[in-house]
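Two forms of a single protein chain come next, each set out by itself as structure tokens; they are called structure 1 and structure 2.
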Structure 1
Amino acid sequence: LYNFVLTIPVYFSDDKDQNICGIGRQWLESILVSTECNGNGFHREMVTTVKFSPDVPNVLNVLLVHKLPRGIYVDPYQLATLNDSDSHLQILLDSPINLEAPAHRTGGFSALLYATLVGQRSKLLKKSIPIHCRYHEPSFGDQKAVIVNIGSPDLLLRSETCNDGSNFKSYSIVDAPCTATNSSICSWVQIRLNKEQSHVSLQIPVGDGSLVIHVICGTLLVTFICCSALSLKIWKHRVLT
């Protein structure tokens, strides 16, 4: 269900005035993509902003491919709830997500975020995805947190009216699902971007492994004392009655 194929033949052209399906090359190269994470703790919002120059072509399909590391996950059921609400978040995940596994027992994944630009009014695309941080292995040094980096997404475009791949010889062509329903595969044009920031860093707290002996001894001592005290009282009360 999630499989899609990437094919990346690359050709280069120096013709800056090339017009591709009515889309100017300069317009394509002026697109800016940025990613930021709002919030703190284990539950955050990953906001991706795509800025287009004016004169957006009539209808343009946009696909943002987020390659997320294993320290992060999205809840597909939460996304389904958002999909039903007004936010209309169209996301396709490339693999099943284990909601409970710690980071070192799972892997990264890709989240494909679909959007459609319509008309000249759409100069800014801003999409927010709720993400959650996984528990990481305890640290045995001075670190109190691990750093998880999220890179900027890949931007892919597709026009409904212009599907001839020969027009895009100077760009990478990628095969990916046409929509979030993953019912068919389309060819997308991958845009080389002037990225405003290379990655977002999240700090996720981790346990202090150097205290393991103290924690084990303290926990077992307290539970043993509580168990003994409660047992004595239960037995003593039984004897008295």
Structure 2
Amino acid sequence: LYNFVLTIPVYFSDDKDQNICGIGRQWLESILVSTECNGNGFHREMVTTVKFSPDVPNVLNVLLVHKLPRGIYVDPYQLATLNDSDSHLQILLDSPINLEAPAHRTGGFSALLYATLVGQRSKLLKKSIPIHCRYHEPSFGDQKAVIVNIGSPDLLLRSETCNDGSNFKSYSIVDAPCTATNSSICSWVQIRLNKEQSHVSLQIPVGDGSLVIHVICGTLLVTFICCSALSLKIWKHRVLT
């Protein structure tokens, strides 16, 4: 039902770093990042695409940091399956995930997506992860849905031929885990993104709070009827002695 696409150009303002460690300034400026959420209901697919120019370095490590709001969660067990099936995509979560908690009882978290581009012909990096919408508090007014915004990811790059982040003096250098195993820390070059269109939006339905009493009464009535019918069957067939 909903399919949102976000395309983000990358901008640099310093002309001094024309080519450092095999990564050129013009090449960095040509990178395009897009994010879209496919599907409908409470189970969606978040697809992130990074488009590079043809002269990609031989080996380039890419880290996409998605800062997801409290209305969204990912299933760590489902992600573990993806990690096993795709050797070029590894995912690290910065905090434990409660799969059962509603949105108002949880907080946001970050999902770190690691990928590796190998070979000069790699121009397009497209990775997807399943996301799930949390239940929200019921509405006691006319509100039928809530809007949850997913911000654009932070894009971090690291070249295998350059281990000294100080070479990129005019760019932001951040420390982050080298891999999804979180066993060591590396320096990454953070790409500055245009924030004019900085999120995609998901519309999530909410319950009608005015029907709470009706639902409770109906649930109790059905429970009583089922228990009574089961008790009659047990007594009739002398299941218990």
Partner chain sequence: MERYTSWFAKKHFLFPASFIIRLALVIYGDYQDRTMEVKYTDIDYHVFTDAARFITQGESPCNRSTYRYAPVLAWILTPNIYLNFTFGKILFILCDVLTGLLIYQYLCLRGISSEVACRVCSLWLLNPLPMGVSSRGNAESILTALVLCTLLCLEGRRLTWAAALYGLSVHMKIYPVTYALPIALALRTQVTPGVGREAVHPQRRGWGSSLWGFLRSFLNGELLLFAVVAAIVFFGLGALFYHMYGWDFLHETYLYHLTRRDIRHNFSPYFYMLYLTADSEWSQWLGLAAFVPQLALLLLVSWVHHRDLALCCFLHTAIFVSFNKVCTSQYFLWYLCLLPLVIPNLSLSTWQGVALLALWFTGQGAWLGPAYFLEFKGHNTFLAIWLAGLLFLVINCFILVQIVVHYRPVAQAAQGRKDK
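Only the largest set of C-alpha atoms that superpose within 1.5 Å between the two forms is called the rigid core. Counting starts at 1 with the first residue of structure 1 and goes up one by one along its sequence. Owing to the predicted nature of the structure, the values given are computational and were not obtained by experimental measurement.
Comparing the two isolated chains, structure 1 is the one taken from the form predicted together with the partner chain; structure 2 is not. Superposition on the rigid core between the two structures places the CA atom of His43 less than 2 Å from its counterpart. Core-superposed comparison between the two structures: the C-alpha position of Ser187 differs by less than 2 Å. Relative to the superposed core, Ile204 shifts its CA atom by less than 2 Å between the two structures.
Here the rigid core is superposed, and Leu232 then shows its C-alpha moved by 11.4 angstrom between the two structures.
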